[in-house]
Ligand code: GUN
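Only one chain is shown below, in structure tokens, and it's the form predicted alone.
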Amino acid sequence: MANLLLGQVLSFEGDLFAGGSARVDEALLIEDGRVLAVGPAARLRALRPGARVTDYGRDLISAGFIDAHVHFPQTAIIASWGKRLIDWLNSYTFPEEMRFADPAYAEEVAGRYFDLALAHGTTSMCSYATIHPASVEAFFDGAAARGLRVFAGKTCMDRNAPEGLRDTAQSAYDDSKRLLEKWHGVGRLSYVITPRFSPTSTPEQLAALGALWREYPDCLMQTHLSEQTDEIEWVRSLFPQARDYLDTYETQGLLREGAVYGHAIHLTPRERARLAEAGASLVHCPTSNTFIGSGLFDMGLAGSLRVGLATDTGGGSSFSMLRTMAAAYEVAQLRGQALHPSQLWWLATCGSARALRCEDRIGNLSPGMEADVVVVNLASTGAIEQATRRAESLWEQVFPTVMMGDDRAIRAVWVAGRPR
């Protein structure tokens, strides 16, 4: 049966960092897990007279949020006090990831992560697992059970990590290939080739993963790039022959369309030019970048590159893409870049979909798209309601929820055309 949702239906036309625009309609018609139409309520009622109607009043109906850079194994250690990136990895991340040798624990955390993400309106995510193949299995099993479109891969590390978290160049290739062949393209699941970052992979391991990516070019490849200045110095000491941090990936076949780099704060002019030339994607992780003291991402890069938005759970300090939008706004302000609320919302939906090269399937409410939907109450708390009461436009209604909203603002979530 078709479902007709009434409310303020938000969709986008084009890139909001390149002259695109937002539009608002009265109704959204869903059928067979996809968007059938958006437009005036009367027209959509006539199109499917027997549709089940859900009236959300003045709530905002949007494509579900897409979190483009997540570490689901770090769910339990979110908001742990830390210093710098390397200290945080050694104190919290690596000890917690060791626990994922237990498949039952991996399954428990994956389920908890998905439930938290959905409660905050996130319907798709791109996640790192751990080196344990069972962590990938747990993530994909949990996503499939919930009908989610997700992206994930085994995290590969063969140096500068505890013994229980190291693989080898060969085992990283073999494990990744087996998991890829089992899961990639099954339902709404996509495998992502995943070296953690250059400091924890030898050139041999990076080359092996580059070879795997050449064999399966339709996959994404995700890793980290230029998050902190001391990290960059560490990379320079480990790869003295490299021109810069990006070159450690480029020389091993890990730079082209489909490459997704998290953080990318401290880029050189050469790196910026090569990323744009190669058609790579960047993912802005603002709560993580401020929480761990990494730096301020340059949103000006969105003019020449695909840029997505992410919580970076658990280095980031919130599961909420609303909070992540707020942090992106604040970071941009510190760089003298004023982001419009429409651009923030676009980043959390269309922008992340473009970064993950799935903008033809998710991230927008237009005919033919998969019907992942979040319904947002724009007056979810007293503080937000009193602010929106003065609003004279949609974006004046939306902005207080961006800046002060949380899971209380999420009225409903639909996944593949079904309410969760």
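In this text, all values refer to a predicted model and were calculated from it rather than measured experimentally. Numbers follow the displayed sequence, beginning with 1.
Only in words, not in the display: the form predicted together with ligand GUN, which the text now covers.
- in the predicted complex, which of the listed residues (F100, F197, Y113, W345) lies with a heavy atom within 4.5 Å of ligand GUN? So the residue touching ligand GUN in the predicted complex, by this definition, is F197.
- Using a 4.5 Å cut on heavy atoms, which of S176, Q205, S288, Q222 is close to ligand GUN in the predicted complex? Flagged contact: S288.
- Task: Spot the stretch among 66-74, 42-50, 376-384, 25-33 with residues whose non-hydrogen atoms come within 4.5 Å of ligand GUN in the predicted complex.
- Result: So the stretch in question is 66-74.
- Message: Would you classify H263 as touching ligand GUN in the predicted complex, given a 4.5 Å non-hydrogen atom cut-off?
- Response: H263 belongs to the contact set for ligand GUN.
- Item | F239, heavy atom within 4.5 angstroms of ligand GUN in the predicted complex | Answer no; every heavy atom of F239 is more than 4.5 Å from ligand GUN in the predicted complex.
- Although ligand GUN is absent from this view, report whether L89 comes within 4.5 Å of it in the predicted complex, heavy atoms only. The answer is yes: L89 has a heavy atom within 4.5 Å of ligand GUN.
- Message: Can you tell me if L301 lies within 4.5 angstroms of ligand GUN in the predicted complex, counting non-hydrogen atoms only?
- Response: Residue-level check for L301: no, no contact with ligand GUN.
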